[in-house]
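Next come structure tokens for two forms of one protein chain, structure 1 first, structure 2 second.
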Structure 1
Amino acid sequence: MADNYQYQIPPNVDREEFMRTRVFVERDQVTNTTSNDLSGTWNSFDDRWDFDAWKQQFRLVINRMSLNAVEFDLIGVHASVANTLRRILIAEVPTMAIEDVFIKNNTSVMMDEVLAHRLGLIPLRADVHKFGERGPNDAPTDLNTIVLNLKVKCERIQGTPKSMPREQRLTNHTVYSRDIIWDPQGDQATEHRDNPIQPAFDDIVITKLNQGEELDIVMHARKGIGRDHAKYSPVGTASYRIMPEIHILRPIVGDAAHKFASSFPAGVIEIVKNARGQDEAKVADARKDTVSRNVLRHSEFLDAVTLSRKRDHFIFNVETVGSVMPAPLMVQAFDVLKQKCLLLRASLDNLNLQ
């Protein structure tokens, strides 16, 4: 490997624009990471804040969405905004979760404290906007509390021989989240008629019982956010990465093209026939690149490729725990961000008045 490696700005691009908008991915380091969005940093670029201009270049593109996951691109924002959204998704979107566990009877081998902890981590599907905050000294009511019951007993199925596996000769040998039953209070049955309150998944294992063992538990769920306890977080993962870019600086043909392609994950580089009938490497989908920089381990490619990341293009991957679907989750997250902005604006206005 050459010792005189130097990062190369791709040809036919505006050098200052490239330096302003890209993070450089080099052989053994990542450079140009410092934010340079302050007004007056670049002589040839008017970087004064203009809301109308920002609206023209801002985009949010949803690439994939399922029942419990979403992948979207957030384009045209500063890294601080992207990170704020990530932290809001993890810690500030409210949900309902089990907070109080009243164990009337537990003859299983699992200790009460462990059982209560496991129950608290079961995500609940409930419309959180129909419930108010419950303070430490507030009494539980149908407006701030969900009541759930878990009452099961493990018994032998009549006529089954002892030689059969326990799962086949015992009822309620395994206690699942589907065994948790919602007990509507007040007007809750009417309010939540269209979307009954229930665990987000019905196959979460709570514990296992042997013949004659039983559970009799009452639970109270209340409103909270992930900043207070992880059980309130609506997401399992919420992460982003910056859009990778691959700039081929000269033609890479023949066997070198295949070696070049093998240095990237599948689907990033494609092999095409050029005008001379030779195999030539072309960028197919830089988005799939994991930026492993394996290609820079090969000395013959050091002058052939430049790797970068687009500074204001963020690829988000969010996986929910099931308590809130991805679409309403994103709406709620942006609403929290909006409220934070309004609070900051009000605080600045009060500061100016003083």
Structure 2
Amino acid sequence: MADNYQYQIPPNVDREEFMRTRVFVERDQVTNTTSNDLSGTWNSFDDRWDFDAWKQQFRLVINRMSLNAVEFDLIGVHASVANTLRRILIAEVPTMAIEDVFIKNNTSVMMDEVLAHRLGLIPLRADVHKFGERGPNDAPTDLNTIVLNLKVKCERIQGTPKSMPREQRLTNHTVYSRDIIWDPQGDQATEHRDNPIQPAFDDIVITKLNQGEELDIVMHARKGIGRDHAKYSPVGTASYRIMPEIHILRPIVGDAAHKFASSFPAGVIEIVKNARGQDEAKVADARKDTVSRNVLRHSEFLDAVTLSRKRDHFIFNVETVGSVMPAPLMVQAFDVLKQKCLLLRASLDNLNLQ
């Protein structure tokens, strides 16, 4: 490896601003990653917390939304804020999930505890705000518990020969999540009339039965958070990446331009005709780049391009499990952050310090 590689800050930008706001993506390492936001670090830049100044430059842009996922940009916040939001989405937003499984009869080949574990992982669609927490010593009430029943028996369809495949010979050969029936207690029937409680998906396979086997199970669902058990986590995953940037330092023309464009994922670099009629490489959409630094493997491009990432631009991708829709989930996540702060505030006041 030639050792004359030097990371170059692009000549047409303000050097101090570039150092303050970008992460340097070099050939063999990623540098300038440490946090430099504490008040008083920079000579020419006042870094103290100012809500109004922050509010001016903060932007939240939703890119795509679907029934079970949302992709949005959080611009103008520090990495710790984005990380806290991500951790809250994964571990601290409450949902309902099956916690107690009372097995009255299970003659299937699946062991009781394995079956109970699977039932706990089924996402339930229920309005969490209407339920309270149930501590280990609390009695179950209609305000903290959902009762669900699963009663399935597999039987042979009369008159079918044994040579036929299982699916045609037996009824209820597979137990699906749609077989779980909600048993409304107390006021639950009227409270949840608009949003009946049910598993988020109908076609989750719970177990399979053979002729004569049956399941007779009562389940209690409770409110919990992902920190306690992963079954309560409302997201399949929530992740973010930091916005990549590509600066081309010198014109790249002709065949080199095509090689340059093919070193990046499709859509990142486009080829345009420049003033002299040659093919020239231009940055089309840096957002599509996966920052594999593939281009820096080629020695002819080491001095032609500067890769960086913008420190305060986060591209969030949140995929829900089905129990909560993505838009209410995000609102809940911000609310959980606020509630945690208010709780700490109350605890601090309890300390009675000056």
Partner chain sequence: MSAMDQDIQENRISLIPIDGEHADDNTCCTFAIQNEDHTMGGILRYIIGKNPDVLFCGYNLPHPAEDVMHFRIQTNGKITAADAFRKGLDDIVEMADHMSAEFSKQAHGTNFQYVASHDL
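Every residue number counts along structure 1's sequence, beginning with 1. Computed from a prediction, not measured in an experiment: that's the story for all the values here. C-alpha atoms forming the largest set that superposes within 1.5 Å between two forms make up the rigid core.
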| item | value |
| --- | --- |
| Chain form predicted on its own: structure number out of two | 1 |
| Large Cα shift (2 Å or above) at N149 between structure 1 and structure 2, core-fitted | no |
| Large Cα shift (2 Å or above) at T160 between structure 1 and structure 2, core-fitted | yes |
